[in-house]
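As a starting point, one isolated chain is supplied in structure tokens, in the form predicted on its own.
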Amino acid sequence: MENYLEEELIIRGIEINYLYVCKTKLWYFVRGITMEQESDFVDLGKFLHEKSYFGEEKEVQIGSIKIDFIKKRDIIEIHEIKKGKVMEKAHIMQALYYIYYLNKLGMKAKAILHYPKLKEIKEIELKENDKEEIKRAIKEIEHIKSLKEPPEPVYQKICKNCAYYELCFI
């Protein structure tokens, strides 16, 4: 087993997610500027998380990652509950990072994304090319963390519902 204190295992799953959603949001977040406690969309996500999948131990913390819930089978199943698919690439990358992280700790894992409002699930397995993308993402996150000012925001449709909207565009 490789040293689990490697720099790449210090990255949180939410940082991977934010990298694929918005680099500006990521920069604010890693500096402790969190606006989401005021967001109705975040509240809806928390409600879905709390009311879905009764009987499961929620929010399992392993090192720097926090997984919605896990099931131990022949391999560890990582389960993430998501509100919708608008940011599916970010969801997939976060799940892949969780698998990558557990693999680094010597555990075999796969992930399952749950979309309760859509009544859909998506199984995720880490492939060799995914590992390279995760490594690139980690390097990009470290770069963004090192910036003295936030990256210039790029307007997307999702911005109008973002808790950070005012920081970026007003």
Partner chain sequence: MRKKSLTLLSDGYLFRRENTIYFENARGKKPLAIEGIYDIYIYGKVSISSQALHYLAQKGIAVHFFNHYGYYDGSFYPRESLHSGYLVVNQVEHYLDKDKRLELAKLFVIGGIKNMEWNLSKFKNKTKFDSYIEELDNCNKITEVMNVEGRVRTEYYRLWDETLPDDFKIVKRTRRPPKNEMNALISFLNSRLYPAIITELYNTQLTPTVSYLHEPHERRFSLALDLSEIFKPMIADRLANRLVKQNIIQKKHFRDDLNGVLLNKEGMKVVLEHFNKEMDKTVHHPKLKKNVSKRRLIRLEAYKLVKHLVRQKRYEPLVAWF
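Numbering follows the first chain given and starts at 1. Note that the coordinates shown come from a computational prediction; the quantities given were computed from them, not determined experimentally.
FYI, the form predicted in complex with the partner chain isn't displayed, but the following is about it.
When contacts are judged by a 4.5 Å heavy atom cut-off, Asn103 does not count as touching the partner chain in the predicted bound form. Shown alone here, Ile33 lies within 4.5 Å of the partner chain in the predicted bound form, counting heavy atoms only.
Contact annotation for Gly13: none of its heavy atoms lies within 4.5 Å of the partner chain in the predicted bound form.
Tyr28 belongs to the set of residues with a heavy atom inside 4.5 Å of the partner chain in the predicted bound form. Residues from 141 to 155 that approach the partner chain in the predicted bound form with a non-hydrogen atom closer than or equal to 4.5 Å are Lys148, Glu149, Pro150, Pro151, Glu152, Pro153, in the order they occur in the chain.
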